[in-house]
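The chain that follows stands alone, in the form predicted on its own, written as structure tokens.
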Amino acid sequence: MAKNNTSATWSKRLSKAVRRPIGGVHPDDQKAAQAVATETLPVPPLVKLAVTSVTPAGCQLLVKPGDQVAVGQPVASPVDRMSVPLHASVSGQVLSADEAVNINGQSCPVVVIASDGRQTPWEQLAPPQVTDFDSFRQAVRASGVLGLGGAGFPAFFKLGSAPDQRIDLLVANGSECEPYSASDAREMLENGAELLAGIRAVLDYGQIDRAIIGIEGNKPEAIRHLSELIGDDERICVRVLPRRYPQGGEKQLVYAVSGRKIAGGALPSAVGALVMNVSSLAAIAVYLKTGQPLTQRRITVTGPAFDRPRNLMVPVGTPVSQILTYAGGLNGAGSCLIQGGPMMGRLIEDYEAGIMKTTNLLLGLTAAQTKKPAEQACIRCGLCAEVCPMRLQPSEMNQLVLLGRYQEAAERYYMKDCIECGCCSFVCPAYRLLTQSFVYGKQQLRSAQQQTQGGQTK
């Protein structure tokens, strides 16, 4: 009888998405890793912590070579208004803190720590004192939590990005639409209680009315598990999303679960919504309960170049080579490793670089899978515009970028609204590097803007 009552309860808390996604594609999910329980990677001999930040002001280092550090001890502190602290993920001795190239190919300070193997926690770790929204937001910042779905936007800044706008809806992003990725699915299955605790904390301190957990229908176990955990909590429900990429984009997700349309260039707060990744919410709950900041993360290690899929709990900063060794290495000559999925991922060139907080998937591809026919002339078929979730004109933007007319591409065709999902490149019969051109075009616009600002301050 109890089982039947439970089933009836969770089914009432379940509903389908209210809107069909705009555009998008449906690549093969390749979600075998969803069924694989998380293993804990042995403590690596050393970690390489990349000190990245949102703004050029960034963070300042708190340690120097020779210092002894403990797990959870801050090694870098933010000096701007948007960045978050970085914490030691192993206990041991700081070897260096020099400029180096991180896993994303960017130059930044990297703190290298030799592990002593003991994982001694920092003696000052303690649950934060949270009494109101301001102290809650400060605690979230101190936790070091970022958007763990891959975007990496600081969680605390999202909480206070629109102080003059009323937020009545929290959308917990559990869609995980990128092929192969399974870290969020395992988070929902293995840490569902922490996820709900994080959701309730945001609702309570943010005075938000309700929360919707958006999950694609290819995660039935996570859907059932969370729905049962929610029970009779009327503020929270699970909404089943159609299997469609890029379902996890903020604009796409908010529209799917609520029907609210976010204008180009606007944030979810413009329609009264706040979007946070499910793993980020669970990490916030852990910090509120224990005082343990974000020092490790779950990574899916999978793909045709590996012998089997894995989910690993890994200290932040662990060199990619250590993970590869544990997973048995890549199979086949010419295989490569992608950080992120096949749609939005980035090739990893240095296997000695350390994984970052935003690393959620290491995808091993064979040489045959990475071969692509030569780029051909656009045949004006319109498929790219048809699948664009932002309703842009990729072919027109591409032509302008190739001509170096970046500002025109932004002003006439709204290139800055491109979310770089890769749908246009995925369907292009001429194999045009559309998404790559938009990434480049936006980089050129940012560089020009920085140069202009720099000239004005001289």
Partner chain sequence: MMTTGISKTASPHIHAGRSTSAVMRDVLIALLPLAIAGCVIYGWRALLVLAVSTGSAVLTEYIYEKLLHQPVTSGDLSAAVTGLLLGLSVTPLLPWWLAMLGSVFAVLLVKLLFGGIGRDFMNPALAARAFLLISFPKQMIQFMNPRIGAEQLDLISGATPLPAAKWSGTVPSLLDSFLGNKAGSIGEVCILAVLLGFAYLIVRRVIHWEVPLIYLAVIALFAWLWGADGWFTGNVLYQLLNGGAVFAAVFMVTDYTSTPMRRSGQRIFAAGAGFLTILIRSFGAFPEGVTFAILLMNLLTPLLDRAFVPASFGRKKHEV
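Positions refer to the first chain, counted from 1. Since this is a predicted model, take the numbers as computed values, not measurements.
Missing here is the form predicted together with the partner chain; even so, the following discussion is about that form.
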Note to self: Taking the partner chain as it sits in the predicted complex, is residue 376 in contact with it (heavy atom to heavy atom, 4.5 Å or less)?
What the structure shows: yes
Check: Going by a heavy atom distance of 4.5 Å, is residue 386 a contact of the partner chain in the predicted complex?
Finding: yes
Next item on the list: Answer with yes or no whether residue 210 is in contact with the partner chain in the predicted complex, where contact means some heavy atom within 4.5 Å.
Entry: no
Margin query: How about residue 347 - does it come within 4.5 Å of the partner chain in the predicted complex, if we only consider non-hydrogen atoms?
Written below: yes
Item checked: Contact residue in the predicted complex, chosen from 392, 46, 59, 36 - any heavy atom within 4.5 Å of the partner chain -> 392
Checklist line | The single option of 197, 223, 236, 343 touching the partner chain in the predicted complex, heavy atom within 4.5 Å | finding: 343
Note to self: To test your reading of this chain, name the stretch in 213 to 221, 334 to 342, 169 to 177, 197 to 205 whose heavy atoms come within 4.5 Å of the partner chain in the predicted complex.
What the structure shows: 334 to 342
Notebook entry, point to check: Is every one of 104, 128 and 229 in contact with the partner chain in the predicted complex, taking contact as a heavy atom within 4.5 Å?
Noted result: no
Check: Out of 406 to 445, which residues reach within 4.5 Å of the partner chain in the predicted complex, heavy atoms considered?
Finding: 406, 410, 411, 412, 413, 414, 417, 422, 425, 426, 427, 428, 429, 430, 431, 433, 435, 436, 437, 440
